[in-house]
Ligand SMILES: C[S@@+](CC[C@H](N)C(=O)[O-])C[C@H]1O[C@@H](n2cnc3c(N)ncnc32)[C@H](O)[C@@H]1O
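The chain that follows stands alone, in the form predicted alone, written as structure tokens.
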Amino acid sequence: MPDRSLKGEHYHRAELRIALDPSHPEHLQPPPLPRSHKVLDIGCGAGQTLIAAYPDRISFGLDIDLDALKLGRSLTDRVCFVCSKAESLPLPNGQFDMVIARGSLSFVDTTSSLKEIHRVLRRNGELWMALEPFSEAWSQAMTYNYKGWIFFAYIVLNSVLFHLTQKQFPLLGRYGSFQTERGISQALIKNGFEGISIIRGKDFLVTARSR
């Protein structure tokens, strides 16, 4: 899988155009929420999902890509951008009604990130995730050179480990994995979530509620 932190301004602007265009085949947005609800986006990039889905409030976006966050600040003043890892959120307990993660949990320590997400959610707060299944990882692997195939082998091993034990390990400081319904469901339950719903179609969508 490619490291999304290496994608540049062109990518983030294209993603914003898609987020703003409901007719685009790749358009995928989290559900509408009451205006009073506080939202955090894990792996927000330049804030494109928040700009499109929740323009009626001040929301929060977190990413490790400083260039993406800088671009986001030039696009909107409605998002509070934070540079940090998902495994260690620099945010107080119980602050958010909704946390969204659109593809980002495939590039982090998923279990540690879910623990942190649960911590910052209010009781009965919602988690909305768009995950990457094996089919997506395989289609990307078709474009790899030999170094990419080595990383793909790591991804497969890490994903099987997560499916069986909900544990992962990094390679050269990076994480990569695809998720299964069993693996993500077990990880959510172990980290304090209930009401898990999984929709498999063109997208792999998972929602859950914090206990």
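Values in this document were obtained by computation on a predicted structure and should not be read as measured data. Numbers follow the displayed sequence, beginning with 1.
Beyond the structure shown, there is the form predicted in complex with this ligand, which is absent from this document and is the topic of what follows.
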property: Residues Ser59, Asp97 and His118 all lining this ligand in the predicted bound form, heavy atom within 4.5 Å; result: no
property: Residue stretch of 47-55, 179-187, 156-164, 31-39 approaching this ligand in the predicted bound form, non-hydrogen atom distance within 4.5 Å; result: 47-55
property: Ile64, heavy atom within 4.5 angstroms of this ligand in the predicted bound form; result: yes
property: Partner contact for Leu71 in the predicted bound form: this ligand, 4.5 angstroms, heavy atom; result: no
property: 4.5 Å heavy atom contact, Leu127 to this ligand in the predicted bound form; result: no
property: Partner contact for Thr76 in the predicted bound form: this ligand, 4.5 angstroms, heavy atom; result: no
property: Heavy atom within 4.5 Å of this ligand in the predicted bound form - qualifying residues of 100-121; result: Arg102, Gly103, Ser104, Phe107, Val108
